[in-house]
Every structure is written in structure tokens, then in C-alpha cells.
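Take a look at this single chain, the form predicted alone, given in C-alpha cells.
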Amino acid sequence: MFKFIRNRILGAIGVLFAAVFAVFTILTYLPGSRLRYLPIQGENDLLDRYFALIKASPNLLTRYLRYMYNIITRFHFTSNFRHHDLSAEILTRTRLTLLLTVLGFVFIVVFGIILGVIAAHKRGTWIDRLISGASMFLASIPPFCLAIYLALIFCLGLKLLPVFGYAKPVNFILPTVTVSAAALANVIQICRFQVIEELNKPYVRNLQSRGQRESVILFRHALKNALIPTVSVIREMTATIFMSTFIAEWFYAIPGIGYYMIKAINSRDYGVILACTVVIAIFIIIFNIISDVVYCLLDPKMRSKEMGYSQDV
């Protein structure tokens, strides 16, 4: 397992550097961008001595190396339009985005699996039709429309929840639903389908003939096998979930990374855009690694393959 995690981390580092380089290149050559004037000199550090040794000149590659070196060694981001500490600003806003994202994932996993199992267990009944219809509605409505509907119903209509702010835990209820709605719908549907498929397999009938309780068959056997493709769906929707945080933060006035990035796009602060891109890419990669590890732990075939041995006799 250690080798599996190590390989995933090493591969993720390469993906991160490639993704940041692609964004850095685009932002550098945009009209009016000051990233093309980013100095390659630092504070007489190791990279400065290396550049002096090879007599490097300022170009796209050396500016990119300087930018990444500053982030890795000093967590220092560059913005030519701001005089305050951009790194501290990014760190503060990152906490809010991370909190909202984690809440979204927890909401998706808990309610997606529970509702999917209930729909599978009550298949063909009005409960199944209600859950399936609600999940299809959540999958088809855009996040910004859902945010408007939630605000109109629960904030202006019922007056149960606040519209804006982030000071209290209750402020994160509607943003969490907005972030997780689309992924939640997919998890419900795939979990329902997989549990129904498991319940129709011969081993379930064998367990029923032995007198096993229905709850034991449903949760210990059927759900356990159905979790593997369910986790795979959550892993594939990681980027979608993070993009939904942009909308939720902007609509509900939560000053996270997404909110900050949208403001930077409007003001054409390419340094802030690049810094937000780096943080978001790191988030997506970390959550993908976590989901890969969970997927490997749930799937015996995958686990045996990654750990370097076969179950064949």
C-alpha cells in the first residue's frame, strides 16, 4: 500500500507541474499580463546560483521555475497589483474553500449512499420513484439556478436560513447543498443500480435460504460490493464539485478561493488567478489520491494488483 500511495503522489506531482505550466503559459501571453516581466532573481538562493551557473536569461521557462520555486520553498505567490501579503490571503481563503468542499463530500457520501440504498430496497414503490425523481431533478438543474431556488424557499420564503455570510455553521447548509447537488444525484443513481444488481445475484438468494436477516444481506454484503463503483463515480466528479464551489462562494458571499478567483478575473489580476489555480489543482489532486486509496482498499482485485501479487492459486 505504501508503494501504491508513493506512486500516486509522484505521478500527481508531475501532473501538478504540467497543469500549472499550461496555465502559467496562457496567462503570461495574455494582453496586459505582467507575468511576462516576472523577475527570475530571488534572495540569493539556490535557484539564483543555478541560474548564474548556466547563465540563464529571463524567458518563459526560467520565470516558471522561479515562480514554482518560490511556492515550494517559501509559499510565496506573486501579484503585481497588490501590496499586501498574497500568500496569507490565499491561505485564509483556502480554509473556507476546503471546509466547504469537505462538507460537500461528506454530504454526498452520507446522503447519496443512504438514499441510494433506500431506493434500491424499496424499488418499484413510491419511495423509489420519489428519490429517483428528486435525483434526476438535481442532476438536471444548474448550480446557480439551484442556489437561487434554495435562497427563495429557505431564506426569503420560510426564513429558516441566512442567505449570506460564513460566521455560523448554519451559513454553510445551503452552500453545501449547492456544491454537492449534481454529484449527489449521480451517487444516488449509481448506488441504487449497483445495490439492485447485487440483490439479484445468486449469492444473495443463497444467503436468504440460510435465513440471513435482510438488513445483514443489504448492508454487509450488497452495499459493500456496491461501494466500489460508487466511489469511482465520486472520484470522477471531483473537479465538478470544486467548480461548483465557485458558484456557491460567489452567490452566498463566502470569501473562499473561488470567490477570490472570480474577483481576480474581473480585475484581470493574473497573479491571483494563477495562485488560485495552483491551490485548486492541489486540492483536486489530493482528493483524487484519497479516492484512489479508498477505491484500492474496497476492491480486493485492485489492492492485490497494486501491492504486487496475485490472488490466483
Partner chain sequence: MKRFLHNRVALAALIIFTLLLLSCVVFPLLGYSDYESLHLDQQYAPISLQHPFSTDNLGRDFFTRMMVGGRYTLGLSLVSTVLAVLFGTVIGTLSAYKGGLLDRIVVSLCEALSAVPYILIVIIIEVALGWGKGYFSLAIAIARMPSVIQTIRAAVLSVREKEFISAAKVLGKSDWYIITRHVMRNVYSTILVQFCSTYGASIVACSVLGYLEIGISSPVPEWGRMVADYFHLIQSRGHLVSIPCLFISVSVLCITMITNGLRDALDPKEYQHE
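Numbering follows the first chain given and starts at 1. As the structure is a computational prediction, the values presented were derived from the model and not from experiment.
One more form of this protein exists, namely the form predicted together with the partner chain; it is left out here, but the text below deals with it.
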Exercise. Do Phe219 and the partner chain come within 4.5 Å of each other in the predicted bound form, heavy atoms counted?
Worked result: no
Exercise. Does any heavy atom of Ile286 come within 4.5 Å of a heavy atom of the partner chain in the predicted bound form?
Worked result: no
Exercise. Just to confirm, Phe242 within 4.5 Å of the partner chain in the predicted bound form by heavy atoms?
Worked result: yes
Exercise. Would Ile247 sit within 4.5 Å of the partner chain in the predicted bound form, counting heavy atoms only?
Worked result: yes
For this session: Name the stretch: of 204-212, 167-175, 114-122, 234-242, exactly one has residues whose heavy atoms fall within 4.5 Å of the partner chain in the predicted bound form.
Result: 234-242
Seminar exercise, completed: Interface check vs the partner chain in the predicted bound form: of Ile72, Cys145, Leu130, Leu158, the one with a heavy atom inside 4.5 Å is Cys145
Problem set entry | in the predicted bound form, residues of 118-155 near the partner chain [heavy atom within 4.5 Å] | Met136, Phe137, Ser140, Ile141, Pro142, Pro143, Phe144, Cys145, Ile148, Tyr149, Leu152
